[in-house]
Ligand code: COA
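Next up: a single chain in structure tokens, the form predicted on its own.
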Amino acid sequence: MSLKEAISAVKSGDRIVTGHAAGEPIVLVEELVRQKDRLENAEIVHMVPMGKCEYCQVEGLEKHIRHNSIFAGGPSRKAISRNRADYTPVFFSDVPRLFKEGILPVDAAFIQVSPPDEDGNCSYGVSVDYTKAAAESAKLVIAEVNRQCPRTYDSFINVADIDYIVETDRPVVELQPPKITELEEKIGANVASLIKDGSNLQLGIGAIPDAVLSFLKDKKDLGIHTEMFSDGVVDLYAEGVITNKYNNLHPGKFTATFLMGTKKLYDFVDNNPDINMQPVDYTNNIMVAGRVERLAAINSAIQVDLFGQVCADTMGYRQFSGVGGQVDFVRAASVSQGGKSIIAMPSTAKSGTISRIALTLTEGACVTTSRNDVHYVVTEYGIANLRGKTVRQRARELIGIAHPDFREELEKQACEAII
């Protein structure tokens, strides 16, 4: 049916869950905003926004459509900080449960899918994660069937389970590779030194993960079991570094729950039987990911204190991103046979004026990963192995990888508070 007619089915007070990141059904969301004046107290729930996110940009629009974020992004941070949007803390792996168990009942699911095959099955394309659970839990499913959405394997929805279909033919939203500086290269080289042949990788997106990938070209038979991957993984596959040979859970397969990158990535996964797209309560489930041998989980942080606590989603009282899958994979790597959990970050922030390694986390900052879970912390100055270390030993290890300009002050603070 027409776009306008499909979105007209959404009512005031409805909770709408939209597809995630590059899987956002942008045309559906934009039409929802166009129809805002007829709506009151509707709620739109999603993780990383890659569209315009207009409902967060225009003051007063929250009376019509209010955003409930489960992972803040650039377009939504300001709205959250100004109380024009909300944030719900939740592990990525637990998001489907919120919908399935009616903790957050879903009135409408907006999804982007590929055209159906001969059996009527549409692929969830680049966003399975919580999107599949939302569609299966919703009273109303509105699908943007996009001819340019890549058809990925193992997670499908049949046209019989879709209430309204809007057909489009548009490029999937792309995320261009970040610029890698000398700083990220140093961090990437340190992280890469911890990765052994036959390891299975979980990594995110950004300059540091991409830098890590660039230093893995001499490795052999790496595999992928992750929540997401991007263009850098495609390059390593082409060079024969990634084979998934020792992915004991899904041999020969790239296992992920969502994808973000450029057309190169989307072309690579399209109709590729080696791409195993699964819901996030599978990929990130510690009982699943923890069975993957030699799982190397690589995640980032905003700040680490001398006790080993990691803050990765807030800047003081301000919500910056979200917990995402960090804790899921930190814990999975901890129970994986031969697994390693790695937190990687620059040693400083704000042009070198602030140390990211501090005596205590900034006031108001939330602990993302507890000190009991942290294994390796990596900066451009080295690697700190905190597993099995006392509080005093942790402080010494972390000070050793802090920026030299801050080490003396950190040592003084540690002597007064810890050592």
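Numbers follow the displayed sequence, beginning with 1. Note that the structure is predicted; figures quoted are calculated from it, not measured.
Beyond what is shown, the protein has a form predicted in complex with coenzyme A; the following relates to that form.
Screening 308, 261, 339, 322 for any heavy atom within 4.5 Å of coenzyme A in the predicted bound form leaves a single hit, 322. Listed residues 231, 281, 227, 144 were compared with coenzyme A in the predicted bound form; 227 is the one with a heavy atom within 4.5 Å. Looking at 159-167, 314-322, 132-140, 235-243, the stretch with residues near coenzyme A in the predicted bound form, meaning non-hydrogen atoms within 4.5 angstroms, turns out to be 314-322. By the criterion of a heavy atom within 4.5 Å, residue 302 is counted among the residues contacting coenzyme A in the predicted bound form. In the predicted bound form, coenzyme A lies farther than 4.5 Å from every heavy atom of residue 288.
Residue contact with coenzyme A in the predicted bound form: residue 99 places no heavy atom within 4.5 Å of it. Contact annotation: residue 202 falls within 4.5 Å of coenzyme A in the predicted bound form, judged by heavy atom distances. Residues of 349-368 that come within 4.5 Å of coenzyme A in the predicted bound form, judged by any heavy atom, are 349, 350, 354, 356 in sequence order.
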